[in-house]
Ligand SMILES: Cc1ncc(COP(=O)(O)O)c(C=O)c1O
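Shown here is one chain on its own, the form predicted on its own, set out as structure tokens.
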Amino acid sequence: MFENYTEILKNLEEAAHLRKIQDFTAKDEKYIYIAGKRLLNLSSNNYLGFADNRRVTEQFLQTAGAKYSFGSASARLLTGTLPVYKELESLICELFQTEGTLLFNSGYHANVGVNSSLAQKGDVIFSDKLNHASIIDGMQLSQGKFFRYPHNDMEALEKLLKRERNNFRDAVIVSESVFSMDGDIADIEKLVELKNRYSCMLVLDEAHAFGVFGKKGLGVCETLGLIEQIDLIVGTFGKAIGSVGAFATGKKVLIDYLINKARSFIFSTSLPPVNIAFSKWIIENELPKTYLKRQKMLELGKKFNSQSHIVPVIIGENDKTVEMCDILYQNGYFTLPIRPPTVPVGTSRIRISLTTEIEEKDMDKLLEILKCNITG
């Protein structure tokens, strides 16, 4: 009865497309260990180095962590809320100057919950074609209709809005700010202009920008001074903050609506209080110290022709991408092959994630290896 699955896995392997979970020995700030081999970790979302920082962990546990439990055992609408949850939501509201905030268990939970519930029957979503899988999954679960416009193509989006907007009751435009696989940045100013002109809600996923961009680390919207123009901002604690979980913040009516309609929130056991407390502690105590480091990291990204701290090295074919990762592994670098459906067919790549711990000198040898092997 399992022959079909076996055949699918075989086909994936033959196409250099089979995914396997790596067996890591340990992680230590910018390094990762596999079978005793130390590698520079270029595949982490731990942009500020908090997740594997012993000083940070020990200081949190000594000053704040001891009073929080490691389990919640309930959804928040049952008995899964304690004061620290409300404190973190209030902190996010204070930072963003928004009316309401709702915590989710992960960025995936947040995007699925938001995009599956906002659009009801008779509504429509307009989504960037390269938006994260969690946004796509949410739209597919919604009762509304959705259209995907070519990546960052504002002219194409406006043509869609002109053609389709009046055919629906409520409309949502959704985009990432920093795109997770390309490292480029959405034209948020134009998105705001279009959402106002065509009477749409604007949802912006700042997952890879929260903690990195802006003086306070609030994201690209802070850098542009556009926070108040966004109806709903999604951010995560599992990347730059080095913790786990996510949030949606914005208009109170939308937050109240999500509490009642977002199934990924309603039916999920809440994160343990200790994780909520850790996210809050990082944002209050550690994030404010990182501005100069973050700026240095973003400047390094610019040197590699990226708009952010994410540097894509597009190779094209699956097998060649896997082979390149193996070459880099032998030379002390840990990278992963990014293949379809994560990225479009024919654009398999190595996604280099910079962190504040990585210096320009760490990249010199890597660039030489890429240059020799990609250009021949």
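Position 1 is the first residue in the sequence shown; the rest follow in order. Just so you know, these numbers come straight off a predicted model, no measurement behind them.
Missing here is the form predicted in complex with this ligand; even so, the following discussion is about that form.
- Residue 108 is the only one of 147, 304, 108, 85 with a heavy atom lying within 4.5 Å of this ligand in the predicted complex.
- With the partner omitted from this view, the residue of 114, 212, 204, 207 that lies near this ligand in the predicted complex is 207 [heavy atom within 4.5 Å].
- In the predicted complex, this ligand lies farther than 4.5 Å from every heavy atom of residue 195.
- Using a 4.5 angstroms threshold between heavy atoms, residue 101 stays clear of this ligand in the predicted complex.
- By the criterion of a heavy atom within 4.5 Å, residue 239 is counted among the residues contacting this ligand in the predicted complex.
- Among heavy atoms of residue 142, none comes within 4.5 Å of this ligand in the predicted complex.
- The candidate stretches are 266 to 274, 93 to 101, 173 to 181, 117 to 125, and the one lying within 4.5 Å of this ligand in the predicted complex by heavy atoms is 173 to 181.
- Contacts between 132 to 150 and this ligand, taken as any heavy atom within 4.5 Å in the predicted complex, involve 132, 134.
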